[in-house]
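One chain is shown next in structure tokens, namely the form predicted alone.
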């Protein structure tokens, strides 16, 4: 990796092999904050930080053709350990299958990689503010912050836990009571409600358009990508809450 210095004297990462953004994202004035989006998948988290004013670079070991920002095809832990110090903020969403409640109940007997300890170690070497995200369950991480769709008026509940580090803290917003049932087919019966269950391959949980609207994600139509994403509203809120830290860095 080389670095360039912009007109304000800030280091901006220029990484060989980074794929430039390939979608028509609405232009925003970039204020100099640079974010590394680890285990980025299709970019739900990255979009939230983008909307909060960050220039976003994603990294994932699997190619992500629908990722809407600059993209590194590589091992997220290795990239964070080697280059994370060049970013103002590092977000990570390590694979959750080993510890999430849903997988524990449906895929018993299977084994999944546990990357949270290695990810935390890499994050701690950066000297930068960082945040790690995972679903509720047995994941070995702190639960300093929990967000859900109801806090942002979304049509998903989708609780997610966040562990901030590197000197960063984020206040917990009030957990608003949920308004009712999740809509969709359950055990042969159709339920109506203000939320959609966004996971799996559908099966009566809602159409792709309903999932897109519920999550606030419209740049991909792939069910798997939608099912694995977090709503951009979550990280937009975090990005705005810690903007003063990342500017100071």
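Residue numbers count along the first chain shown, from 1. Computed from a predicted model, the values in this text were never measured in an experiment.
Another form exists, predicted in complex with a small molecule; not displayed. Remarks below refer to it.
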Open item on the list: I need the one stretch from 189-197, 206-214, 41-49, 176-184 whose residues put non-hydrogen atoms within 4.5 angstroms of the small molecule in the model of the complex.
Closed with: 41-49
Open item on the list: Quick check on this chain: which one of 151, 141, 115, 81 has a heavy atom within 4.5 Å of the small molecule in the model of the complex?
Closed with: 115
Task: Contact label in the model of the complex: residue 95 to the small molecule, heavy atom within 4.5 Å - done: yes
Open item on the list: Quick check on residue 62: any heavy atom within 4.5 Å of the small molecule in the model of the complex?
Closed with: yes
- [ ] Please check if residue 230 has a heavy atom lying within 4.5 Å of any heavy atom of the small molecule in the model of the complex.
- [x] yes
Task: Non-hydrogen atom contact residue 76 with the small molecule in the model of the complex at 4.5 angstroms - done: yes
